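Here we start with a single chain on its own, the form predicted on its own, put down as C-alpha cells.
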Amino acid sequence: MFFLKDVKYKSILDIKNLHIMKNKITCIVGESGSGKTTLLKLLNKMLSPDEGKIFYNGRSIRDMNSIELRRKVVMLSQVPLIFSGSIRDNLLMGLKFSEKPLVSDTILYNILEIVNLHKDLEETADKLSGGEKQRLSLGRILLIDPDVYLLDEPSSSLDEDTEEVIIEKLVSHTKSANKTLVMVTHSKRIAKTFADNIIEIKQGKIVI
C-alpha cells in the first residue's frame, strides 16, 4: 500500500526502502525521538520529505491532492482533539469535515462500544478524562471509515488492562472491515501481540 524510497526528512529520518502492506496491522516502535511520529505524518502529507518518494497504491503522494489523500489516510495524533459540545457532536464532526452523510445514534453507540467508552451521547465531551477523550477521538476516526488508520500512540493515556481491550477491539474492527492500520506504540508487548508487521526505528533509520 505504501512504499518509501530513499526518503529523508531533515536530520530526523533516513529511510532507504520501506513497504507497508495493505490490509495489515503494522506497528512502529522505537525510542522517543527516533522519528516514529514523523513517519506517520509523511504518509498523509502532513509533512513532505526533503528527498525521496512516497507511493500510495502505486501513486506518488506528491502528485495527489492533500485533502483527497487525507480522506483515505486519516491520522489520529497522540493529543486528542476535542470540540465543544456533546459526545455526539464530537463523533459527527469528522463526518461533517469529510462531507460524508451523518449516521444514526445506533451506529454512534456501536462505535462507542468498539472504543470501550460507555457514555451517553448527550454527555459533555469536555468533562471526559484524558483517556476517555483519547477513545472518543479514536471513535471519530473509525466513524469516518477511511482506507487507512494512522494512529500515534492511541492508548498512551490508558492503563494496561484497558489498553489491551481497546487495541484488541481496534484490530478486530480493522480486519473485519478490510482496512489498514499503521500504529505507533510505546509497547513492544502490544506490537508483538497484535501486529502482522513491526517496524523498528532507531535514530531515524529502519532497524533490519
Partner chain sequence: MNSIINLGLWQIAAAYIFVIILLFIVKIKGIPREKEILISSIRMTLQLILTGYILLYIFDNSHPLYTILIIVIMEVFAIYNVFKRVKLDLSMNIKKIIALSMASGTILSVLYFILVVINLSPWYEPRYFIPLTGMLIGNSMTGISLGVSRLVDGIHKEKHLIESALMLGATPKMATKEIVDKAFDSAILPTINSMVGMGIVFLPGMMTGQILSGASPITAIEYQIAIMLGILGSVSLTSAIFVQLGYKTFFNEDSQLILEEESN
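Positions refer to the first chain, counted from 1. In this text, all values refer to a predicted model and were calculated from it rather than measured experimentally.
As for the form predicted in complex with its partner chain, it is not shown, yet the points below apply to it.
- With the partner omitted from this view, the residue of 141, 166, 181, 29 that lies near its partner chain in the predicted bound form is 141 [heavy atom within 4.5 Å].
- Interface residue remark: residue 48 is counted as part of the site for its partner chain in the predicted bound form, having a heavy atom within 4.5 Å.
- Among heavy atoms of residue 70, some come within 4.5 Å of its partner chain in the predicted bound form.
- With a 4.5 Å cutoff on heavy atoms, residue 131 does not count as touching its partner chain in the predicted bound form; it lies far away.
- Contact check for residue 81: a non-hydrogen atom falls within 4.5 Å of its partner chain in the predicted bound form.
- Across the options 158-166, 39-47, 52-60, 172-180, residues that bring heavy atoms within 4.5 Å of its partner chain in the predicted bound form belong to 39-47.
- Within 4.5 angstroms of its partner chain in the predicted bound form, the stretch 91-124 places a non-hydrogen atom from each of 94, 96, 97, 98, 99, taken in sequence order.
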